[in-house]
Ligand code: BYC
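The data below hold one chain only, encoded as structure tokens and taken in the form predicted alone.
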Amino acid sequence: MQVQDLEKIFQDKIDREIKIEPKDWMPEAYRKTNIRQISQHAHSEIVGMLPEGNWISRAPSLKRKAILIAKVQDEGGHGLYLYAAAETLGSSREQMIDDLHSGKAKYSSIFNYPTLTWADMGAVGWLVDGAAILNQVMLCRTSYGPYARAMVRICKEESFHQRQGFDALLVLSKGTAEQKAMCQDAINRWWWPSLMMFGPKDSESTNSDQSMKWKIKRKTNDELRQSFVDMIAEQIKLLGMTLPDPALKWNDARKHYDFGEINWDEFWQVVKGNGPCNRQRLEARRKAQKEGEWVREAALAYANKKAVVQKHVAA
């Protein structure tokens, strides 16, 4: 069968909402696009554990500590689901990790910002996980089957993370003047980086058109960003706080909130590795990889020994 015929069959499946599975024929560009997106998503979950793990030992109560531990554990699990999904496309986990550590593979720019106070744990949960959910709910319907199925559970857990973050900020917003100031400060620092999470504006997004045709993505970066602004602009009223954007205003004609221009120079600097914590995050991951080598070797040796024993028992 000619490649053109295979491509037609492939696109017809996508148009009819039939999931593409690992053993199905697919264009090489589709395979590579999914590997890039899924692995970057996995990297973001793993690197995203770092700014939060930093606050586990400093949580203000046992309850908050237990919640934060559970959240960090969830994110580690999300990374594992996603690496496994990417492996079904023929990419090895070792190669994906090497690409992360070498700087070849990217992860969400948001995790290159520091968490300075406990209120940041609330802002990260409410804003960062809130932005992630809007993108990830869409991915539950992405065209590649293993990725879509992994996202169903991830979205359920991320929804809990967002509620936990909002609850933490709500408590602070009803507290002392110092706690209220800390809450507002965290929102001020995380608002614009959260808007950057959706990626470059549509006119500068090189992969969006093809990803939309293949239904890897269901909405554009700007559409998702607008949905996020509309959601948060209403939710913040419950906190009695403000968003750091003087241009934020309801547009009755559009039935959406207008908002100010993102600092795209800052966005691209962080993406290129020049953010506040880029080097720190990668160094922490490289260190963990090196120090955990003996654990991986021991686990592999045990698995091999167990396989030998089972083989003899079966014989």
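Remember, predicted model here, so these are calculated numbers, not experimental data. All residue numbers refer to positions in the sequence shown, first residue = 1.
Although not depicted, the form predicted in complex with this ligand is the subject of the following passage.
- Annotation: in the predicted complex, residues 191, 244 and 263 none come within 4.5 Å of this ligand through any heavy atom.
- Distance criterion of 4.5 Å from any heavy atom to this ligand in the predicted complex singles out 196 from the list 187, 196, 168, 96.
- For the residues 107, 83, 113, 228, the 4.5 Å heavy atom test against this ligand in the predicted complex is passed only by 107.
- At the 4.5 Å threshold, heavy atoms of residue 102 stay clear of this ligand in the predicted complex, well away from it.
- This ligand in the predicted complex comes within 4.5 Å of no heavy atom belonging to residue 173.
- By the criterion of a heavy atom within 4.5 Å, residue 73 is excluded from the residues contacting this ligand in the predicted complex.
- With a 4.5 Å cutoff on heavy atoms, residue 200 counts as touching this ligand in the predicted complex.
- Residues of just one listed stretch (285 to 293, 62 to 70, 45 to 53, 250 to 258) have heavy atoms within 4.5 Å of this ligand in the predicted complex: 45 to 53.
- Interface residues of 266 to 291, taken as those with a heavy atom within 4.5 Å of this ligand in the predicted complex (partner not displayed): 267, 268, 271, in sequence order.
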